[in-house]
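A single chain, nothing else alongside it, follows as structure tokens in the form predicted alone.
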């Protein structure tokens, strides 16, 4: 359809999601009833094992203890971030005499159990990384042939989350492997949140079975690793929107699509782009796993990550994932149903030149605006908080959005 607005003549493309019904049965471990929140080392610290020349940034027990300290003292725990997660490159290159994984003795001299005890003493939870195949992606021992042993080892250590990668594994065996580790974790008797990368490694060959994935995992990666760049974030958003008919129905309490880490507070995103990532991750009901240096983060990025109104959208108890509903004049509109009949709305300006542009919120550009019949209350959350007041179907409300930025709003029927 054609639409004429104050922006001029534009083509409006609407998207509908075919049967966004209740998700299939989730993994029955009582975890991840809301999207997981925490900190994960990978994007920022990668596989830095050089503790001799870079002791403050290498993968060692000190890094995680310091992050746990900061999460408590700087308001992160209070905001809802509860997991401190180790990624790849933590183990020794050899298992012990009983076939168990062991931490690198120089970088983790007191072992993972002592680290877990420390993190727990702060009221936080510890996550760890392992791999489905013969080796981890970084070349450390994989779990193939050791699923039961590794699951019990993690439980004995007091681990609360397992990120299970899929390197060095034949793709046709992914389903069996991920399911077997899920069973092994549950049989330990300890509640361990299970983060899978099952569909990520299957999409190159065929469409994954999301019903099976949801029964085995608490969240799952679908697409490539995030980098500290706006192009990377955009690519993840585009992939998610292009596959939303398949992946959105799988998400809900107990199991979530994971578009990878928040890179807010690092080097590659402008403030507007950081706001876009935070807003869209909340709309997508994504796990909010930061990968940054919480010991040295700019106040504006910290304020964004701790924004209680955005976190409330992320953690909304209805547990519905949002999706892209329109593309118009280099804008994208994403919407997420919220509890109480409310709506979260993200308007992203994909134009990367010029200045801020206005987007009209009317029934003509936004069919979901029908919830404003007879009227609704609109609150702008980003880029700044603003009560936009009572609106109707005929209101001529325009939100202004910076290049590569996003306006995030909530709409409440009256």
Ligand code: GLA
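Numbering follows the first chain given and starts at 1. For clarity, every value in this text was computed on a predicted model and none was experimentally measured.
Form predicted together with ligand GLA: not shown, discussed below.
Although the partner is absent from this view, residue 178 stays clear of ligand GLA in the predicted complex, with no non-hydrogen atom inside 4.5 angstroms. Proximity of residue 42 to ligand GLA in the predicted complex: non-hydrogen atoms within 4.5 Å are present. Remark: residue 78 does not count among the residues lining ligand GLA in the predicted complex, judged by a heavy atom distance of 4.5 Å or less. Residue contact with ligand GLA in the predicted complex: residue 160 places no heavy atom within 4.5 Å of it.
Contact with ligand GLA in the predicted complex, defined as a heavy atom within 4.5 Å, holds for exactly one of 252, 133, 138, 268, namely 138. Taking 150, 332, 197, 316 one by one, only a single residue has any non-hydrogen atom within 4.5 Å of ligand GLA in the predicted complex, and it is 197. Considering ligand GLA in the predicted complex, the lone stretch of 151-159, 217-225, 93-101, 169-177 in range is 217-225 [heavy atom distance within 4.5 Å].
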